[in-house]
Structure formats: C-alpha cells, structure tokens
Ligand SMILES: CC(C)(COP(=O)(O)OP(=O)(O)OC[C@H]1O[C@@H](n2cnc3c(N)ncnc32)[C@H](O)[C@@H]1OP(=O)(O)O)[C@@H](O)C(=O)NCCC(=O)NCCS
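The chain that follows stands alone, in the form predicted alone, written as structure tokens.
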C-alpha cells in the first residue's frame, strides 16, 4: 500500500470512490475535480495503482474565544469495500494527523458515519449540527422591530452577509470562520447551492440580519422551506426575520431552521412546538494540545492551574504529563516532571475543551481518573459549549 497526497489527476478517481461510499450524483461538481488552495487530500493506492482509500483535510479556521484558530476539519474518509476491515482508515488518519500538525493545525472536527473508528483515533462526540422543524403558522408575527427595515438581497450582498456571520460567530466557540479555502472559491451559481432567495435586515444603513433559504417545491401539505442561514445581530432583526418566515404560511406548511443556542433568532422561535429536531453529531479532538490551549481565547475571569497525565495513542506528541494554567484570558500548557494525581484521555480532553462535559462525568465514562477529585479538570472546560453551523 502506498500513501501519498492526491494530485489533480487523481481527483476523478477520488470522486468515484466517494460516490461509491456515500452515494451521490454520477456527475462530479466542479470543485471536486480541481485543486483548492488549503485543501489537502491524502490517498492510499494498492500495488496495481488503484485508489482504495482517501481522506481530506479542509484546513478550516474555527473561532475560539474571539480568536481565529487553525483547524484540520476532516471530510470524505472512504475505503473501497474490498479493502475495509484491515485498518486502512486508521493508517490514513494517523498519517493525516502528523501532516496537519506539521502545517500548524491546533484542533480537528469531523462528522462521523460511524463513531467507533474515530473514537479509536482520539476524536469524541462534542455536539450536533441542530435544526428545528416548525409549523410556519405557529411562528410569531413581529410587534416591535424598532427601526429595522427589510429588503431583498442578491449575490452582491453575500460579502456583507459573510461579515455579519463573522460578527455572530466570533462571539462563540467552534464555529467556522468561513474564510479561506473553499469559502473563497468561485461558486457555480450566483447564490449558494440550494438558496433561492435572500432577505436582509438593516438598521440605519447597517446590516443586522440575513435570511437565506430554499423555497422547495409545491404549496401543499408537504411543502417546506429550508433555511440555509438565519443570522441576526440584534433582537429586533431576529424578530423581523422570523416574521418574514411567518409570512409564508399561505403557501408552505413547515420550515427547517438551523439553531444556535440562545441567539437572537432562537429566542424568538416557538421551539416548544418544534416537530422533528434534525441533528448531525460531530466529533472533536486536539491536534496539538499546546497550540489548542495557547491559540484560543479563554474567559477573562478564569484563573487557576491543574496538572494531569494525558494519553493519546494516535498523536504521541500530545501524550505526557502537563500543567494547564489559565489567567487573564490566556492559557498555557507546559510539560512537568512531577507525578500528577489526575489522568485524562485525549477524548476526555476534547469533551472538556468543547465545554460539554465535566471531570467527574468523564471519570464515570472512563475518560479521566486518578487519586484526586477530577472536578479540578473542569478548568479546561471553562469556555462556552462549542457549536457548528456548517456541514462538511
């Protein structure tokens, strides 16, 4: 087996392997057949030169504590049926981790089709891409939108929508920056894929809200709007855009809305009336624990230190005895020689880092331990729960 980066000549075979693994149209989209700056594709070839496995590093950036952080977001892991079960996916992921660490990545996220393989490589479930299906007739009509005005938008407004997304996203942890790589590539259509219309909310000439959605087909009982983005920087903008969705009640029955916890949109939605909540779990892990701690912003009120022994079989540079120290919105992870009273698995590190677990909970799950109270590890969980709005 030969493991090497894919070239432009390999991309048609990579598309066919992905289509075989995941299903999809026979005709590849243009972006799948061209090399994209920042996107790294790794392949495994058998003795006959056939591509039998692949994995892609999308080289996204993520927002953490108001800072942009280099990430290795993994996509398109596929192995031919004849080569499955022999550890090829593990080999590809091991090689990928070493390569993305060399390029400076601090953390990694992925959407699993099966969690067991990725757990064995140090990723752990840390959240879900969430959406709510709502009866449009139940959506509230806005009563107070202040000085917010609404207008239709178009392709020329998309850069301003990206700026608005950044304003919303940088105040949270885990969200992509939507800058660089595939986000900077020219699109095949004037609007993003599956987006039919754009509504913008403005206040005093400033963009404060954006609704991008797909109309869907028909106007009967099974008709549904699909919201691509629903962003608001003020409560008035959130209420105004929810009101725009409410106005579709005569020709559409339901709407699927992506959710961010406690944002200016979700607090205006009747979530108690939501039908099926669509969700797609995602997994996270540190690529380089030193960078993961140093490169992010931490809540300014956090101050303290804790030592622990970290295990990470897939990324041995992370393994060892560490001391975490947080103060004044910054963090540092340094190696120490003293024997610690706490132990932590890299999957537990991911859960704490994403703010979705506690040391005592991880001890119950077998991902933390030692002779001291594992609650001391909660220092690593000091940020808000991480979220994602993009599938990749």
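Residue numbers count along the first chain shown, from 1. Just so you know, these numbers come straight off a predicted model, no measurement behind them.
Omitted from view is the form predicted together with the ligand, to which the following refers.
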property	result
Residue among 264, 100, 289, 89 with a heavy atom within 4.5 Å of the ligand in the predicted complex	89
One residue of 84, 273, 179, 303 in contact with the ligand, assessed in the predicted complex (non-hydrogen atom, 4.5 angstroms)	84
Touches the ligand in the predicted complex: residue 248 (any heavy atom, 4.5 Å)	no
Contact of residue 118 with the ligand in the predicted complex (heavy atom, 4.5 Å)	yes
Contact label in the predicted complex: residue 200 to the ligand, heavy atom within 4.5 Å	no
4.5 angstroms heavy atom contact with the ligand in the predicted complex for residue 171	no
Listed range touching the ligand, judged in the predicted complex by heavy atoms within 4.5 Å, from 220-228, 294-302, 72-80, 179-187	72-80
Neighbours of the ligand in the predicted complex among 1-36 [non-hydrogen atom within 4.5 angstroms]	21, 22
